[in-house]
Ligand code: R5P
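First, one chain by itself in structure tokens, the form predicted alone.
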């Protein structure tokens, strides 16, 4: 096995290679003046090699998806035997069905393109709707980093005996996982999303948070608007300390500032995407999956 750390996940790819004690294939990349991507592997051949390309697809997601496809197709041209794509944050996975007539089914398109570029298997982390991505030709393994986040809170004692809270009933499985470690109980904040605008509103719901520490878990924090509202809600209901925890901290614009200003003590994320708050590494999680599957 050889690990190819993509431009978006160089550090993570190198951590995975170190844990597995395998070689890396260095990647040279650049953007041309018109914005097009250039990729070159520092290798003569990949013939008969099983390769693992590690490339997250956080913003700028279009550029990083193109880089992933270029790397996969290049590995195929260089006679790689098997190509696994490790995509910690899988862009476009939130468009997991046609919500409105005439919409593109984005994740289906992306998976078809990756398959055509030679990808045999995909490993991702806490994708938005795991059931959907498993309905296509490429085998997809969706790992969960929520236990790692929960273990961080337990070990660092940032929130003693906390209540684990999810963003919406559909995400309740996240806090069920977290509570197996934190053991402080769990609940969910009732949310409603407008399918046209995408705006999320929080509905009134009494939560067991008074005089308790609270960890609000989410898979993604992007604009931070919903998380900021959630922090404010639980603070108003009497929570003592509130922490925001997410697997994929995209944290666009002033999202971090908004969440902290609304009362969060801290935001904790993983290194699934390049970010300054990724205190929890998913390298061991991915390494174990690769070793188990014998990539």
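Remember, it's a predicted structure, so these values are computed and weren't measured experimentally. Numbering follows the first chain given and starts at 1.
Not on display, but discussed next: the form predicted in complex with ligand R5P.
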Worksheet item: Since exactly one of 128, 108, 121, 212 fits, which has a heavy atom within 4.5 Å of ligand R5P in the predicted complex?
Response: 128
Worksheet item: Of the options 205, 112, 94, 169, which one has a non-hydrogen atom that comes within 4.5 Å of ligand R5P in the predicted complex?
Response: 94
Practice prompt. Spot the stretch among 180 to 188, 215 to 223, 143 to 151, 80 to 88 with residues whose non-hydrogen atoms come within 4.5 Å of ligand R5P in the predicted complex.
Written response: 215 to 223
